[in-house]
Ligand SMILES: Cc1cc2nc3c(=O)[nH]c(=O)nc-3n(C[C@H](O)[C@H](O)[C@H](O)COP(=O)(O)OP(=O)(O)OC[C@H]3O[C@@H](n4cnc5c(N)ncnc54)[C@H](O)[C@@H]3O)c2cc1C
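Single chain ahead, written as structure tokens, the form predicted on its own.
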């Protein structure tokens, strides 16, 4: 359980105060000018061919090390996160002799996260969620990523994700003494029990069955996620996925793979790939053991790269995720400030590049969620006002919230609603961070908290979020007049006058039933006219970094094989999955349903393991 960082801290990383990669593609051969003296000191003169980055030193060269021992196998899986576990299981099921290497100790091995976004599992269908049209879901991902993805890589996720989930779920036989149970969990209750694992649904589910997809702000979303949230919490708790039981679910996949002969080699870190002298096919990998010695794994089939992202490698983030680098430098920050939450250093991506591959082209995304106003309502599209007291976007276009908010003046970003706030919230979509009626008690407790917000108090009232298991608190202010609400929210002078004028004009559009300013869905055009009025201000600091993880990987073909940058053919013997795999997110984290980053990692890992061993996939 991670107690070292809170959800609030993460939103500072990845919400209004921090941002992710949605940048524009750079022209080959141009080296951007550094902004500020610190950037000039950090930037080097070398620019790698094919990259428009200020410092080519992010890649370096493959280490010149010699192995003192060897291990023979069919498939070597580098990394034992979500993708690596599923790749190992699939390859072992395909009859391969599999070895998995992981740099952590066996005791410290634990996958991160809470949600498995996926489509068309029997688990979902039995609850009334699906089956969904694979092509329609794929098209929505492509739309949200502005087409800067490999559609077939996306389709393979959508088409195969249900089988991946059901296959793993079938392995869960509870209880099992071999499973290391999350410390906050009741060991007598299975991680798949409905009290522990739910599917996120919108508030309108309270009124009866919902037809999916639901369309909000011209974006589609689906009830298509297994959220291993653990027991219901009624008070705020620090941490990220603090009660998650997802690792227990994945442990069953590890045990099954081991039953089939797969070996896990812990405290063993990937160093470089081994290739044939002619043609460059990958035939193994050199790794470093805990005692400092090097071992060469010789493979008959090849290597599957599942080593994760590179958010902990500030050189890679600075040079490859140039949009957030520019925002950081313009905000007076340095390269070191770009480090994200992940501890992964990009060794998989660099090994692939040393072997002849290349990173997918800019823009290279990172996982950030947020933008827009704050509040316990999640991404509900209420009225959002900037520091000048002005509205600045269609609040229902959740994928645009982060970049639009980043471009606002520093200072206040404020959510404004009134006594009829619940009606808008229940109609919200299902993007990551949306209100979650999968646990109706979250809604019930938010109603209770909102009713208890003291009217006119300068301290405001604390309200539990209705979106996440840790029940993060937000401070909400209430007033009987909009004039008083502006004061409580921190608006003065001209900004306060704009605040009042903007709401007056917004109300006129609501009463007319049409947003002639930004085109928000009429469903959400609710006039702010019934007291008490509510505001939840937060700060737009324009702070940016790599967020939770980077999402850019190496260029691969539709079979997840790493491509040779020179020949435009597969390198041979080399596959990528998880955050090593490019072609998935384009401009940023796309969420037609929550948890699809983990869902993709698990599914693409399984697909890679199958394809490497000649098994069929959808």
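Residue numbers count along the first chain shown, from 1. This structure is a prediction, so every number in the text was calculated from the model and none was measured.
Omitted here: the form predicted together with the named molecule. The next part is about that form.
Residue contact check for residue 307: one or more of its heavy atoms lie within 4.5 Å of the named molecule in the predicted complex. Among heavy atoms of residue 347, some come within 4.5 Å of the named molecule in the predicted complex.
At least one heavy atom of residue 601 is located within 4.5 Å of the named molecule in the predicted complex. Within this chain, residue 302 is remote from the site of the named molecule in the predicted complex, having no heavy atom within 4.5 Å. With the partner omitted here, the residue from 258, 498, 127, 269 that has a non-hydrogen atom within 4.5 angstroms of the named molecule in the predicted complex is 269. Residue-level contacts in the predicted complex: of 365, 373, 79, 357, one residue has a heavy atom within 4.5 Å of the named molecule, and it is 79. Using a 4.5 angstroms heavy atom cutoff to the named molecule in the predicted complex, all of 104, 240 and 596 count as contacting.
Only one segment in the set 62-70, 48-56, 556-564, 572-580 has residues whose heavy atoms sit within 4.5 Å of the named molecule in the predicted complex; it is 572-580.
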